[in-house]
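Starting off, we have a lone chain in the form predicted alone, written out as structure tokens.
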């Protein structure tokens, strides 16, 4: 029997399968599915954004119905955003916009069931939502958590503030969500009933619940891979960092030398850049991580670290951007930006995009000898949240507006 047709068919099937995988990976790479992007590091390596900004760079700007620090997330041709409104910030919004023109596709609203009092800089919609490509998950400062499908249909609603009424603090909650292997990780850490929960992504029920240090904490979890390939989540607190199995909640290893409760850990190239005693870099392995270096000079402010092109960048609240060698932590240069800053920079096409609290977007070229600002764009409103990158554009939100920034050639 002639076997050539079989081999041709098999080869064609393998090619088609590879093409489907390639297209899926390309689509996934262009999504921005959580705070600081799909890898949680704030870097979009294959996206080129405009670097010379002016008013013509704004593709669209739309009004929002409520406040928020949360970042937009982008899945395919849809942009999702959370907000809160009302005198008590007890009206919770999930909004879906069309990527192309910013038109509203759908909006869902819910009443908060937990505590809504926050510091004036936080508000009810501080945590950034996340998506697994099938559903959108949003968490609010009231510890209400909601899951919707991509068309806005309610999948489940969980009032964690009702289930755990002492889980709050006087300034408000702001830890963002991550999802992996069908488990949604919600870090609900505070001075009283402090915990992190792994919720079933389909039902919202607890898969696991882990008691955590009783201290107010605004950091967000970071995903990483363990030595055996399993998904881990790094939970940062004032006591340090714990690596936890996403599926079971089992603690795999601990780093116990303390850490910040505001800027979060960044995972890059298999290493963890932890805001601890300045900035400490850990390499996971075995029962405890190995400390590679520590630099008091690279201490971040509110913004979390960013790693790009073999360099690590930290930004303090006043606007000093520090660049260090990612191999040993040696500080290479410092650049004064126009501050103050609350948001974390993002990177695309080798450039850093930094937006200060006054709404001034500054583009930094880190390849210059001492770094340098190559352009600025004044948005004219207070911006406290971190930008997002997708569709050849930068997305920035204030309490009142959402902007898509990207020239027509990039749309």
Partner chain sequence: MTSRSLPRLLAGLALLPFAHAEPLPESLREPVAAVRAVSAEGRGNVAAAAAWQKLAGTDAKHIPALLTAMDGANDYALNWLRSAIETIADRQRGALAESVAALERFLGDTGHSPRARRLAFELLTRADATKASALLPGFLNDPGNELRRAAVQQLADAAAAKAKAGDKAVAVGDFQKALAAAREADQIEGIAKQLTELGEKVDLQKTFGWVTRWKVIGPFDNTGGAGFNQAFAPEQGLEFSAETDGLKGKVSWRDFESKSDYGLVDFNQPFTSLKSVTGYAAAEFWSDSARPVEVRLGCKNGWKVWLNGKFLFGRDEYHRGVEIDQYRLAAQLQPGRNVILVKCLQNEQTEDWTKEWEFQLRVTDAQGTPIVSTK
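Residue numbers count along the first chain shown, from 1. Just so it is clear, the structure is predicted and the values come from calculations on it, not from any experiment.
Not on display, but discussed next: the form predicted in complex with the partner chain.
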- Within 4.5 Å of the partner chain in the model of the complex, do 112, 158 and 164 each have at least one heavy atom? yes
- Note on the structure: The one residue among 181, 257, 245, 107 placing a heavy atom within 4.5 Å of the partner chain in the model of the complex is 107
- Message: Please identify the residue among 117, 332, 238, 210 with any heavy atom within 4.5 Å of the partner chain in the model of the complex.
- Response: 117
- Message: With the partner left out here, check for me: in the model of the complex, does some heavy atom of residue 206 sit within 4.5 Å of the partner chain?
- Response: yes
- Item | Contact of residue 338 with the partner chain in the model of the complex (heavy atom, 4.5 Å) | no
- Tell me, yes or no, whether residue 322 is in contact with the partner chain in the model of the complex, where a contact means a heavy atom of each within 4.5 Å. no
- Task: State yes or no: in the model of the complex, is some non-hydrogen atom of residue 89 no more than 4.5 angstroms from a non-hydrogen atom of the partner chain?
- Result: no
- 130-138, 167-175, 249-257, 322-330: which one contacts the partner chain in the model of the complex at 4.5 Å, heavy atom to heavy atom? 167-175
